[in-house]
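Let's start with one chain on its own, the form predicted alone, as structure tokens.
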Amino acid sequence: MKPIQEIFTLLSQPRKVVITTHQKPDADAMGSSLAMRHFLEQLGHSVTVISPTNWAGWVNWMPGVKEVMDYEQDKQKAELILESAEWLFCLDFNIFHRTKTLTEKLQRLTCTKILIDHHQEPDEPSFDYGVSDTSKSSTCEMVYDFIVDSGHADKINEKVGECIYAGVVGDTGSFRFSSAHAGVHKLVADLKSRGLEHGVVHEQLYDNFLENRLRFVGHALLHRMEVFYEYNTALIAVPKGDLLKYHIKTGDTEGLVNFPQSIQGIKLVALVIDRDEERKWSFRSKGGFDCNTFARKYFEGGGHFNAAGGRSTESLEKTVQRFKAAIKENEHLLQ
């Protein structure tokens, strides 16, 4: 994988570009994709954003989201666009299997593939150009760097700024996580100087849910949360029945894993949700517990040091049992 700086001189030549991201894109994935789209279009490129799957309703406010293609819903048209692409930007993921059913199609493409991502252990041989930096707060921060470093800071308009800010806010936990380094705050100051109305973005991201989602959160915390003080760990296990009862849609469980972190002494929080095809895990930690290593070792996952995800094809009951055995095995790291 060549340094991403080597494509800066190539940006002046308009190309057919496709931007894609991981399945079930969150604020950082969708924000970085749309920010890059709005930037490249100003340079004359023809740009299409293709999501591997559907996405949360609370990102539907983002400028340009209505033109994003859902690969699972419009596969034939999306594949034609992919086949004609000259450049493929891969944002907020670093290995193709994170794009679910889009994986094989992306692997077969012969166009130039460009990576921008901040997760650990990138599959560098799969990309022609790219940057992988785990010290970055978000992929949106990296897209901001890409625009500025390429000499086009003047192209950061209202649309680009809102999309970048949304991803930064989402992946830093509204600036509470350690990833919100000094450079992040300088980025925000720059966006504000360019006219960003940050309150509007916060309202769209966090004050835009239906009543059923709030009742679901209350139910999960009251009835589905276990606290293991001997391991400084909290677990929320959500069965499929709860998702049906509260009419939970894509994105409605976002942020649920963060609530138990407010409990004094808790170092690891795990959330597992019983989906149709598999059980999906989310992990959050405080301090020195490595969620990335834990997720990779026990649940076919990975991510960041203090935030990671995983999966299991076992039943909800069996995967919970596996988790309980795992925290017992890692007791010395959780003290």
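A quick note: this is a predicted structure, and the numbers were derived from the prediction, not measured. So that there is no doubt, residue numbering starts at 1 and follows the sequence shown.
Not pictured, yet referred to below: the form predicted together with a small molecule.
Pick from 113, 105, 119, 224: which has a non-hydrogen atom within 4.5 Å of the small molecule in the predicted bound form?
-> By the 4.5 Å criterion, the partner-contacting residue is 119.
Residue 308: touches the small molecule in the predicted bound form, heavy atom cutoff 4.5 angstroms = So residue 308 counts as contacting the small molecule.
With a 4.5 Å heavy atom cut-off, would you call residue 285 a contact of the small molecule in the predicted bound form?
-> Because no heavy atom of residue 285 falls inside 4.5 Å of the small molecule in the predicted bound form, the answer is no.
4.5 Å heavy atom contact, residue 94 and the small molecule in the predicted bound form = Yes, residue 94 lies within 4.5 Å of the small molecule in the predicted bound form.
For residue 155, is any heavy atom within 4.5 Å of the small molecule in the predicted bound form, or not?
-> Looking in the predicted bound form, residue contacts with the small molecule do not include residue 155, since no heavy atom lies within 4.5 Å.
Which of 44-52, 30-38, 300-308, 58-66 has heavy atoms within 4.5 Å of the small molecule in the predicted bound form?
-> Only one stretch qualifies here: 300-308.
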